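What follows is one chain in structure tokens, specifically the form predicted on its own.
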């Protein structure tokens, strides 16, 4: 049975912070320029923010639920997070993985002990919407529509406010919506005046389209791209309910703007951002987010190095 949607309370986030403290890195907040800061989640042990939510979600399961093993759906980062958390508890993990995921993400999930079940993007999205996948046993840990998963991501919001109390806007990529819901919930609870803005690629911007239409919708012209860790095919009704109260809109960027942001992050911070990881900076650089201080969540850095070089070296 799928539990009803409920708000992410600040107490949920504070408790998550205690559960994940021994596993998750408190990532640095570094200055990009006079108005923009970067929250470097690409430095996490799995090189992506998903380890926050995955660790909290697996820790919140009962002993009986964990004894069955866990499974999730992923383009790579959630799968790594769940596999990492499962290994900490000594339980098996299976990932229904989008078959077009970068090889580096597939290799890292396997290295963490996960069993990979490759599927098409369409089948993966159907499983995410239905919370089920035929033939798999074990306890399902949803990669974004899961209260404990989202609360884990909220811990990032607490760190941002502690490190930069004067922050005016936080930008985060939108894929399924779990990242921005968690961060937004924590930020709005602590300081309702902070704006929380999403970032989506022009090839897959269902939240922007849904906001235009006034209800959750499928994106009509979805295209696959190197921004594989964000830009879903649709906004589900449940995630619409979660995101709307804690967000202040979204910015759509071109793929060229994402490439430029990937290169700039490498130049300024000497770290690698995957496409989804550079979305927030690309959005900030459009100027649509207003004045600073702006914090851009660099959500991940899991990209094949050859692909990274191809994208950023002109």
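Keep in mind that what you see is a predicted model, and the values were worked out from it rather than measured. Residue numbers count along the first chain shown, from 1.
Below: the form predicted together with a further copy of the same chain, not depicted.
Among 266, 255, 59, 285, the residue placing a heavy atom within 4.5 Å of a further copy of the same chain in the predicted bound form is 266. In short, of 277-285, 247-255, 40-48, 61-69 it is 40-48 that has heavy atoms within 4.5 Å of a further copy of the same chain in the predicted bound form. If you check a further copy of the same chain in the predicted bound form, you find a heavy atom from every one of 30, 104 and 305 within 4.5 Å. Though the partner is left out of this view, residue 312 does reach within 4.5 Å of a further copy of the same chain in the predicted bound form, counting heavy atoms only. Of the heavy atoms in residue 25, some are within 4.5 Å of a further copy of the same chain in the predicted bound form. Among heavy atoms of residue 108, some come within 4.5 Å of a further copy of the same chain in the predicted bound form.
Residue contact with a further copy of the same chain in the predicted bound form: residue 36 places no heavy atom within 4.5 Å of it.
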